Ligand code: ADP
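A single chain comes next, written as structure tokens; it is the form predicted on its own.
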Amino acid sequence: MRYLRPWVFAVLLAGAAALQPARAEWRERTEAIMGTRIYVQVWSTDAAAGDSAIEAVMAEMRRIDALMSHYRPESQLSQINAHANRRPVQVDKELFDLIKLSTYYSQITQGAFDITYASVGYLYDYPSHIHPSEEQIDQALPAVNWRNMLLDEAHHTVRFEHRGMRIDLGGIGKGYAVDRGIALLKARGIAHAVVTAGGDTRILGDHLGRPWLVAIRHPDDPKRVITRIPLSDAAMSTSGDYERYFDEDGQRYHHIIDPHTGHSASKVRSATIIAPTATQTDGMSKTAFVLGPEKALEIINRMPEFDAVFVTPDGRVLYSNGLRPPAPRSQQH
């Protein structure tokens, strides 16, 4: 799921459809790109124009995937991983700027977000139920350190200072792609839309006069909802330990890796971040898994544009200051 599924929209749209002119309608499409589910929905007064706008977003997703996917040997990101241990690798400014931006999130999260986690992360294969041994982690872990990337702004080159380093933009690239999709829709005059890539979503405008109602699912039951949040002109990312994982001998191995240990991070079960852009929310949504919910909330509460909802391993639901439900009357005196 991760949290903005068509079933959420369907409830909202059923009542709104009868109120709108027949010539205007919601247009939507789903594709598998970037190793995840891409969903685009736009409100358009012209069906052909709406479909064309959606196709433009899908084409942009495919372009970004070709540039940044570590699964594609020909991508510029794969070229970095193949050669940056030996020499500086020059890349497009777009990719360089996103790599540089990732270091900002590494700084503000005290290293909990680190694209060089891939130096260990590549040893995991979740569909095949493969995880590295302690010896393999010990050998690979010294390469995980974002400070060992040398970024040359003048020439847009990336160089690794430690042998065995790799990077993976999966923790920020989908959010960036969502923001690019929204920018394309804005340029075409679209005023109401939703773009989703996996767990990263951005809403353009509102739901024709009222907010979108976005559901956060229960970590153990996709049919149960933890909470619903009204959103307009905002982005939301949710990360969970139930997305890409396998269980073995009572332990869950999932895709959110603690850069400090090389193991799957387990201090929360689910983390949702809300902010103006999907790049922002994507970059922050893994932090609580590594730092723990209390420390992550300290960071979020210092950032006025951000809010968060965390589900802890013992089932507690924690909110940032901007989302915290009011205390019962008995506690207000």
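Note that the coordinates shown come from a computational prediction; the quantities given were computed from them, not determined experimentally. Residue numbers run from 1 along the displayed sequence.
We do not show the form predicted in complex with this ligand, though everything after this point is about it.
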(message) Residue-level question: is Arg244 within 4.5 Å of this ligand in the predicted complex, judged on heavy atoms?
(response) yes
(request) Please run the contact check for Phe113 against this ligand in the predicted complex: heavy atoms, 4.5 angstroms, yes or no? (result) yes
(message) How about Ser239 - does it come within 4.5 Å of this ligand in the predicted complex, if we only consider non-hydrogen atoms?
(response) yes
(request) Considering only heavy atoms, tell me if Leu204 and this ligand come within 4.5 Å of each other in the predicted complex. (result) no
(message) Counting any non-hydrogen atom inside 4.5 Å, which residue from Ala235, Val194, Leu77, Ile257 sits next to this ligand in the predicted complex?
(response) Ile257
(request) Among 181-189, 162-170, 208-216, 93-101, mark the stretch whose residues have heavy atoms within 4.5 Å of this ligand in the predicted complex. (result) 162-170
(message) For the stretch 278-314, I need every residue with any heavy atom inside 4.5 Å of this ligand in the predicted complex, listed N to C.
(response) Asp282, Ser285, Lys286, Val290
